[in-house]
Structures are given as C-alpha cells and as structure tokens.
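Next up: just one chain, as structure tokens, the form predicted on its own.
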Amino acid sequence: MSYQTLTVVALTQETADSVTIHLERPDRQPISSRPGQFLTLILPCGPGGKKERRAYSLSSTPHEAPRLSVTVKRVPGGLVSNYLLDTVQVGQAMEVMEPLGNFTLSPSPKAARSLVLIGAGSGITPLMSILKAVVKTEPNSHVLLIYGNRNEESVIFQRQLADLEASTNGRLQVEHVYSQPLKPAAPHRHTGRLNRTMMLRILEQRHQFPAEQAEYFMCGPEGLMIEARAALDLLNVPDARIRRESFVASADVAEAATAQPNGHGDVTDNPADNTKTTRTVTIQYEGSEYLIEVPAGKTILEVALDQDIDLPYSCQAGLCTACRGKCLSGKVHLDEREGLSDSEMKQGYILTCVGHPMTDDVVIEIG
C-alpha cells in the first residue's frame, strides 16, 4: 500500500457546508487513479493529535492529473469533516493513501453507451468523476444524472454541472430533484422525494436511455439505494448493469457516530461457532509475519493496530477495501461484505476491519 504526502494547491467552496480540496504531489508527478475511486486522508485531528483516517471519493478525473480533488461535506458531530472545513488551507501538507475502490468505470473513446447516474447529497462526488470522464473521452456516449437534494442551495457542483450540460449538445442531461425547494416550481423541474416513482417518471421520459441496455451507477443514502433498486427491478434491469457505492454515505454516518477450501480460507456468515474466547491469527505483510491473539468481539485490524502493526485501512466499516487481505487458511467471519465482490469472496479475500477469526489456523496475506 503506497502512502503519499500531498500539498493543498487550491480550495473551491461548493456550498455553505462543502468544499473541494485540490491536492498535488510537491514534484507535480501524477498519481494513478480511475474515475469513481476514493482517496484516504490521514489527519492529526484526534485526541492528542492522534491520526484519524477518512476516505473521500475523488471528484477529479485522471485527465486532470497531476491534481487529485476530493469534496468534503460537513457532518454534524463529524470529527474529520469539521476539522477539514474549519482548518484546511492552501499550502498545507496532507498524508494520503493511494486511490482505491471498485466503483469505477474505464472510459474508452470507442465506447457508445448510455449511462444513468443516480445520487443524492454528497453521493454526487464519485458520480461527478465518472460523468466528467465519460463526457471528456466518449463522444458517442450519453449520460443522464438524476440528483436529489434538499433545495437549490445544497447542490454540490451546481455551476460545473450547468456548464457541462450546456456544452455537450445533449450528451449530458441533468435532472435535479428538490425535496424542499426554495423557489416556486418551474417547468420540467422535479419536487418531492427522490423515490422509485420519481425515478420511473424520469427514466420513462428518456428514450435515449433504454432501461435494459443502459448502465447504472448509484451512490447515496441507503434509503435512496433501496428506492433506486426497486425502480430498476420494475424496469427489468439486469443485476450485471447496476453498480452501487455505499461508501460515501456510510463513512459520513460512521464519522458522526464516533463524536475456503482448495488452498483458500473460508469466509463464514455464521459467527455462532466462535465459542473460543481468543484465537491466533498469522498476518503476512510487507515481508514480515506477525502472530496476534484476537479475542472474541475484536476485529483482526483492531488487535493489529493495538500492537502497533501498521496495516493499511481506511473506513473501518467493511466498505472501502483498503484493508483487504487474502485468507490462505482457516475461517473468518465478516460483519460486513459490501466492499467485496462475489468473485473476491470465492477467492478467499477478507476485510480485516470487520473480520473475526473462527478457527486457530487463520493465515492472512496482505499486500
């Protein structure tokens, strides 16, 4: 896992409670990233200057290199978001982890696809990265963004979205939905909750986005994700065409709450057989091997960090995959597996931040 020290080179105030932080390496060399990935910031804002980690989706795209940009929205009671919005300055140095995440798209100039992006609030951030990349690199593709907010003043990237929509000759269409609009309803503007009925109404009016052929990316609060999935099920959209990112919203909530066989290890969904108080886990990381004793109720990552083993991690909620490792033997129970694909699970991958050993022969390879 690569760590970098970046410099804040610019700040953009997006709304009253959100700011985009633009970062570059001091030597201005580019850092590899993909549209939709996230950047983990490591900041000395905990008690006594303790370093805290939070992952924020990139709102920049690879063609904006060497600049990486993250957009942070203030969370009431959120330790890191408040620290950033209250103290960040141009010229400040920040330690970060390399961009990570599987909620991505690979732009291709030859592509001719229909993309539907569904988001609300700060869930716009990775969607912004994806739509900018497609608009920039795929002249034959069309993008529909359905974006829900409380009102007009809470729209992150409002000016950018308007400018992009105006400059793309219809290739980008933005549908704003306001639950509590400040201005009287205007023609072709949607007011009310961004629920399945609203989404179906919008999608059925967009014939250039045929439901079963379009690709869907959604990011936002869990309630939105449930409603969006229900709408797509009614339209018979295949699972393979739907991508979802829970990370942004879940990271906000987590922050506020804190103011197999055949050579592979097994991942189990049944913690009931974990009757032993403490189990031994072997961790292989960066050429070293560590033996740790993990008691019931503690995660593998928690114990490793308590013993000053500097394992990679970020969200600590089983969503971002920064702590991903491969279980070479033994069984591990995961409290949450949202961040792992079915293929990764079958290959024996686990997440140490939500992983509990179920047997005494657990060996995990990280890196």
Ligand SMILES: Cc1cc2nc3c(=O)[nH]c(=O)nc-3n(C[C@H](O)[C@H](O)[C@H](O)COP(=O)(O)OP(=O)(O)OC[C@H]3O[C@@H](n4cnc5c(N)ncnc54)[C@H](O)[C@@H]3O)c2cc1C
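Worth saying up front: this structure is predicted, and the values here are computed from it rather than measured. When you see a residue number, it is the position in the sequence shown, counting from 1.
Just so it is clear, the following notes concern the form predicted in complex with the named molecule, a form of the same protein that is not shown.
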item: Exercise: S154 in contact with the named molecule in the predicted complex, heavy atom 4.5 Å; value: no
item: Interface membership of T125, the named molecule in the predicted complex, 4.5 Å heavy atom rule; value: yes
item: 4.5 Å heavy atom contact, C327 and the named molecule in the predicted complex; value: no
item: In the predicted complex, G78 touching the named molecule (heavy atom, 4.5 Å); value: yes
item: Partner-facing stretch of 282-290, 195-203, 170-178, 80-88, counted where any non-hydrogen atom is within 4.5 angstroms of the named molecule in the predicted complex; value: 80-88
item: Selected contact from V332, C315, A304, L68, since only one has a non-hydrogen atom within 4.5 angstroms of the named molecule in the predicted complex; value: C315
item: Any residue of 317-341 that, in the predicted complex, places a heavy atom within 4.5 Å of the named molecule; value: L319, C320
